[in-house]
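In structure tokens, the next block holds one chain alone, the form predicted on its own.
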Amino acid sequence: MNLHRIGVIGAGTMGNGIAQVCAAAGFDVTLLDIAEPALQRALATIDKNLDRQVAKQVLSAEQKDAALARIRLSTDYTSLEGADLVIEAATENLDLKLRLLQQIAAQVSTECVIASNTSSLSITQLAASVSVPERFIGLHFFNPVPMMGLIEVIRGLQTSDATHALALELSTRLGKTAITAGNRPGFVVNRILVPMINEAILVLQEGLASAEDIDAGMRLGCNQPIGPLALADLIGLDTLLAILAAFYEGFNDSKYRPAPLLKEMVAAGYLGRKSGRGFHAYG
């Protein structure tokens, strides 16, 4: 399959990051969201991020301008017509994703590959919601998308070899490294990472150490670039809770039960960096 036009659904942190790297790699991108202000914020973020790359001499000013020119903003799903690939990057909510995927499938051709950026939900289940499930795959990008070098490629039970090959081709053209995972909750990275973060929250909840000391311990003792609680704040505590809930339900195993402190913080609206307060405070 020729891969030229890419649609990205959702103009939040992940969506605008995916749109940026695709446009910088030479793809024509349609970035779609339900609200025009969200799209304008996303474009401003992309512009700012590209400016940083120009300042670091990763891109030239001409390459930045060309990348921005390849991004089209839209609130209308009909703008996805003619897309070769559409990547759904909405909030980690099953009902929402199923609804969006059906809207995507209604507008694109049966040749178009549809992907989800889900970090925990079943690719097989999501694929069953579209008319040609063989053309469905998981593409799990990591935050911040322009800086992180990995894409998890997740095959559902229905995913064809051709769809998998296209996903690997995309990863290469974006300058990312791809690893292929089977369809289990959390796939590879989050299956290992999220329970570790949850354990760090339990350690904090027990009063064993402060948030600062927990993060310092893991940074300096395990050579992690960022502590688990600071990483939780970066991911978003609501997103983290949703991932753990999916693990708990998917595996039916109590070891994935979310820490009560995590539930309480989400209920209080302490969601991490995006709310200005999580396990750490942010100005």
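Just so we're on the same page, rigid core means the largest C-alpha set that superposes within 1.5 Å between forms. These numbers were taken from a predicted model, which means no experiment stands behind them. Note that residue numbering begins at 1 and tracks the sequence as displayed.
Not pictured, yet referred to below: the form predicted in complex with a small molecule.
Trainee: Of the residues 55, 35, 220, 61, which one places a heavy atom within 4.5 Å of the small molecule in the model of the complex?
Mentor: If I apply the 4.5 Å criterion carefully, the residue I get is 35.
Trainee: If you check 198, 171, 163, 117 against the small molecule in the model of the complex, which one has a heavy atom within 4.5 Å?
Mentor: That would be 117.
Trainee: Quick one: find which of 270-278, 257-265, 20-28, 6-14 has residues within 4.5 Å of the small molecule in the model of the complex by heavy atom distance.
Mentor: Residues of 6-14 come within 4.5 Å of the partner.
Trainee: Is the small molecule in the model of the complex close enough to 79, 127 and 132 that every residue in that trio has a heavy atom within 4.5 angstroms of it?
Mentor: Negative, none of the three is within 4.5 Å.
Trainee: Might residue 96 be said to contact the small molecule in the model of the complex, defining contact as any heavy atom within 4.5 Å?
Mentor: Contact check for residue 96: yes, within 4.5 Å of the small molecule in the model of the complex.
Trainee: Heavy atom to heavy atom, is residue 155 within 4.5 Å of the small molecule in the model of the complex?
Mentor: Output for residue 155 is no: heavy atoms all beyond 4.5 Å of the small molecule.
Trainee: Taking the small molecule as it sits in the model of the complex, is residue 183 near enough to touch it, meaning that at least one heavy atom pair lies within 4.5 angstroms?
Mentor: The answer is no: residue 183 has no heavy atom within 4.5 Å of the small molecule.
Trainee: Even though the partner isn't displayed, in the model of the complex is residue 136 close enough to the small molecule, meaning a heavy atom within 4.5 Å?
Mentor: Close contact is absent here: in the model of the complex, residue 136 is far from the small molecule, nothing within 4.5 Å, heavy atoms only.
Trainee: On a rigid core superposition, would residue 31 pass a 2 Å threshold for CA movement between the shown form and the other one?
Mentor: Stays below the 2 Å threshold, so no.
Trainee: Residue 234: after superposing the rigid core, is there a C-alpha shift of 2 Å or more between the shown form and the other one?
Mentor: Yes, the C-alpha moves 2 Å or more.
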